[in-house]
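First, one chain by itself: the form predicted alone, in structure tokens.
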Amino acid sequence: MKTNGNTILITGGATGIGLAFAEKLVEYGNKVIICGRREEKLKEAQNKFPKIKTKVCDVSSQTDREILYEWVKKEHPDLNILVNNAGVQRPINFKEGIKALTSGDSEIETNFTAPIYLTALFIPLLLEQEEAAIINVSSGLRSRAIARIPVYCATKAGLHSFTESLREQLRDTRIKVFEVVPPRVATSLGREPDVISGGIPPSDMADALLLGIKNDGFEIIVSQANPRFP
């Protein structure tokens, strides 16, 4: 698939992996739109990379998802790549009961429900393009159970399964379906906002994404030990 001249929407694009994707894709001559919940972070991203377009959107909200779609369809009808990147990671101890599950952001809505609904919303628009793609960002934890973050692991396993099914279903269309499978990445995911700890640089993930798209490597797996893809 071509790596330039695309119009791309990245959810959760104001920070971390999403912002690294946006920077690299703009560098390659693409029009990039990012969305996220925090307007201040979107403004920071746009100040750093003025070519990026922004839209405030909480993808865990059905209303926000529908507003996002209608806005993109009106303002950017040439959109041909959807990147489902937004993610939430929370420690949840089920020994504490239902409160542990419901006392914070919903990993199920953000990590799993949102990509499915956004895919359903955007496919008709993507089908109008000469070449299109859906890129789902899962995790190396899709196949590894971590007791501390059980719902996160489950949502990423579910997203992996959905991506495989969707790829098969869209095989006879112009839409290509990619899955990006990061290892631990140096972002604030699962920690206090803006607190970064160990992992590969987000820029390595962006390099892997571009190479995967270029080579039609539909499952872009990046290892912790050797982050360069493939």
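Keep in mind that this is a model prediction, so the values were computed, not measured. All residue numbers refer to positions in the sequence shown, first residue = 1.
Keep in mind the form predicted together with a small molecule is missing from the figure; the text below concerns it.
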In the model of the complex, does Gly217 come within 4.5 Å of the small molecule, counting heavy atoms only?
no
Leu82 within 4.5 Å of the small molecule in the model of the complex, heavy atoms:
no
For Tyr152, is any heavy atom within 4.5 Å of the small molecule in the model of the complex, or not?
yes
Going by a heavy atom distance of 4.5 Å, is Val185 a contact of the small molecule in the model of the complex?
yes
Which one of Ile17, Leu9, Leu25, Leu209 is close to the small molecule in the model of the complex, taking close to mean a heavy atom within 4.5 Å?
Ile17
In the model of the complex, does every one of Thr119, Arg167 and Val177 come within 4.5 Å of the small molecule, counting any heavy atom?
no
In the model of the complex, segment of 43-51, 25-33, 167-175, 56-64 with a heavy atom within 4.5 Å of the small molecule:
56-64
